[in-house]
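Below, in structure tokens: the form predicted on its own, a single chain.
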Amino acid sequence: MIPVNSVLQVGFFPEIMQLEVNRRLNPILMIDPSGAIPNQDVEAILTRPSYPIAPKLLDQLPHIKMIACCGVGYDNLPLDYLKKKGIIASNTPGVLNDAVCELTIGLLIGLLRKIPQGHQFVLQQTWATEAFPFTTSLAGKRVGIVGMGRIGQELASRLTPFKVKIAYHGPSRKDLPYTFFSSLVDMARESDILILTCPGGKATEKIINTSVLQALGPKGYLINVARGSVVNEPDLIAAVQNQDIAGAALDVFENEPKPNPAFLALPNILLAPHIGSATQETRQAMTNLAIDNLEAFFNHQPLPTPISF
């Protein structure tokens, strides 16, 4: 049981998620994280990764002991501050793996096979007078996955039937049947496709830069379903403009929901509005897991999915 007026919801939740939140806990709403504090006596926060939780906000909430983040990413949380103040936190890993992997493969095939361009080709009736250009096959390609966590591993298992060769880069080697590269540049040089599934944060900030993109080369493709912060966007824009790489598909950007306008004019790029986990089933499961963590906190039980920091 979650006590009344004990949870502050920071940020907007889509309708299907808000209905689930209201059904289970009836929070105090604070849609704008920089706005006035509606109740300083709350003990927990429910939020989403798109809303940074600043120490300045937490300083005004002296009773906060728990933050439940409805999403797998938690680079919006000030972990050093939380650790210093003894505030625990949770996220919602696992429940979004299927949806993110589905979108990743959709973006990959859409980019290589030029499915959006084919759709326009038919709509504009160009097919009646021209042949659609040949595209690129996924089979036989070398795929480098940056970040071999839960999503990376599930993505690798889904890609295997496409007859690709898989490698990965991360902080350390894992007991997996794929080639490990300690150097990201070396893996890019040996890959036809780079897929980013790593977490955001300081450790991965702008790790995809000119050096990596030049190593990927003019026949290489980049897919980002991780965080916009992982990519040096000016370097990527220049790489696509100069044909240093063959193309890119992006579901995440540094500035959302208003990405760099240069992306909108690039050739051979496929853009999505950060919808990796945006299925009805996944968002309901994420919301329920976030609330399960809150219930565990208020019932003095171990959190189902705590964040370790």
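Residue positions are given as counts along the sequence shown, with the first one as 1. Keep in mind the model is a prediction, meaning the values are calculated, not measured.
The form predicted in complex with 2-keto-D-gluconic acid exists for this protein as well; it is not shown, and the discussion that follows is about that form.
**Request:** Find the only residue in Gly217, Gly228, Gly71, Gly149 having a heavy atom within 4.5 Å of 2-keto-D-gluconic acid in the model of the complex.
**Result:** After the contact test, the surviving option is Gly71.
**Item:** One residue of Ile193, Leu96, Leu112, Leu82 in contact with 2-keto-D-gluconic acid, assessed in the model of the complex (non-hydrogen atom, 4.5 angstroms)
**Value:** When 2-keto-D-gluconic acid is considered in the model of the complex, the option within 4.5 Å is Leu96.
**Prompt:** Which one, 54-62, 273-281, 260-268, 24-32, holds residues whose non-hydrogen atoms are within 4.5 Å of 2-keto-D-gluconic acid in the model of the complex?
**Reply:** In short, 273-281.
**Asked** Does at least one non-hydrogen atom of Ala296 fall within 4.5 angstroms of 2-keto-D-gluconic acid in the model of the complex?
**Response** Heavy-atom contact with 2-keto-D-gluconic acid at 4.5 Å: absent for Ala296.
**Asked** Does 2-keto-D-gluconic acid get within 4.5 angstroms of any non-hydrogen atom of Met17 in the model of the complex?
**Response** Answer yes; at least one heavy atom of Met17 falls within 4.5 Å of 2-keto-D-gluconic acid in the model of the complex.
**Prompt:** Does Pro49 make contact with 2-keto-D-gluconic acid in the model of the complex, using a 4.5 Å heavy atom cut-off?
**Reply:** Contact with 2-keto-D-gluconic acid, yes.
**Asked** Do Leu289 and 2-keto-D-gluconic acid share at least one heavy atom pair within 4.5 Å in the model of the complex?
**Response** Output for Leu289 is no: heavy atoms all beyond 4.5 Å of 2-keto-D-gluconic acid.
**Item:** Any residue of 192-211 that, in the model of the complex, places a heavy atom within 4.5 Å of 2-keto-D-gluconic acid
**Value:** Residues within 4.5 Å: none in this stretch.
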